[in-house]
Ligand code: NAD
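Shown here is one chain on its own, the form predicted alone, set out as structure tokens.
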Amino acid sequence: MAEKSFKYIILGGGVSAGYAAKEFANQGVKPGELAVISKEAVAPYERPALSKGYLFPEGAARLPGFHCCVGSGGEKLLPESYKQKGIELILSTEIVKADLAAKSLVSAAGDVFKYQTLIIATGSTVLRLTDFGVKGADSKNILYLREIDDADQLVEAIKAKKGGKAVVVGGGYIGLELSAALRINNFDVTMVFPEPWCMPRLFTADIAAFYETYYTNKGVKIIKGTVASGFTAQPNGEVKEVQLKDGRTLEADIVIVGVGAKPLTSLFKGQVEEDKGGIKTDAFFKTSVPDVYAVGDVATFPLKMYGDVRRVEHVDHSRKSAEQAVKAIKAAEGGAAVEEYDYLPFFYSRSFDLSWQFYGDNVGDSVLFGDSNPSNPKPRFGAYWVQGGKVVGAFMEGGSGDENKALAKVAKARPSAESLDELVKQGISFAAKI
């Protein structure tokens, strides 16, 4: 049983871990001071690539092409880059015990890692249908997507079941992006979700209607208002059929499940203050335990512009929270301080020929503007959310770089809106004037 000591340890191997390591390197970390410990076998990478370019039938994204930190236009940290920067990259290492009081981590192999400062960047894990006791949910070819190993399994299944039938369970990010990827791979795709429309946490009924019709026109069948209640398997253990709660049965060669995720906080239960399902932090991502920080999906942090505390599961926040924590750590060591984290919520997605961005908060009344005809070759439309007479959120499908910057600006500034009708009339030009 080996024991190693570091000044800093980043626990996790996802986006936050990569961006925290990059920021430590920028701040001038000394050789041997920092370790990144990940249960994955590869260096931190940009996770969004897995549901997009990784599944393309031609010109697919592959490592080392999307290691952190290319997602924000930064330097790509290849496995050898960590060594060059004096950072110890400890891969294929699962931590099974964390003792925050003793400042130590223990791996499944029994190795002990001591630290002075810890950054928890453990991210999320997918919710599995087996967690809910769904009958037959352990059949082969019922797949999930979170890590690169999952993506590799999916690629192999797509090759093995070429042109077969796929059922996608879930109508959120993963459901929409993977349904598109499977259609591009010439699968017969059916998407099933319980809500009245897709992406209900963000989309209004009007926005969702565009995407549902667009997907239907592309050949994706959509079944709403029901859930997968069970599965039957072939004699070889591979999934054969999906039973729906409404009594229907769907043939399936592949099932992909995207029904949400939960933050990986179990190592720290009872040791650190939690809130809203995550680890509670301040505006510098410090937790209730001295010298312990939490970033990305696991952090519940003050959202300054709304006077609220939230947990945000998105790559943009994963990158920025990691950088903020490291800047705060290094500043404090020098007796200085950094500004509080002032985050503007940002979400985006790409599928088929579509690309949308959203900034701010989707609360209050909403209005749609522009061309939202899904049959048009280049649809371009948007939406504003208005609460208390102010524009608090903005969305755009098919926007240019300048238009998306205008969306961010308007969501941050929260200008007054005289009337919803006027917003519809002005459309993107309203944001462009701010």
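On a predicted model such as this, the values are computed, not experimentally measured, just so you know. For every residue, the number given is its place in the sequence shown, counted from 1.
The discussion below concerns the form predicted in complex with the named molecule, not included here.
- At the 4.5 Å threshold, heavy atoms of Ala137 stay clear of the named molecule in the predicted bound form, well away from it.
- By the criterion of a heavy atom within 4.5 Å, His314 is counted among the residues contacting the named molecule in the predicted bound form.
- The closest heavy atom approach of Thr204 to the named molecule in the predicted bound form falls outside 4.5 Å.
- In the predicted bound form, the named molecule sits beyond 4.5 Å of every heavy atom of Glu212.
- Taking a 4.5 Å heavy atom cutoff to the named molecule in the predicted bound form, the contact residue among Leu100, Val112, Val259, Met305 is Val259.
- The partner is absent here; in the predicted bound form, the one residue of Tyr82, Phe301, Tyr173, Tyr359 having a heavy atom within 4.5 Å of the named molecule is Tyr173.
- Stretch 343-351 is the answer when you ask which of 326-334, 359-367, 343-351, 214-222 has residues with heavy atoms within 4.5 Å of the named molecule in the predicted bound form.
- For the marked spot (Ile142, Val239 and Ile254), a heavy atom within 4.5 Å of the named molecule in the predicted bound form is absent from each of the three residues.
- Residues of 193-213 lying near the named molecule in the predicted bound form, listed in sequence order, are Phe193, Pro194, Glu195, Pro200, Arg201, the criterion being any heavy atom within 4.5 Å.
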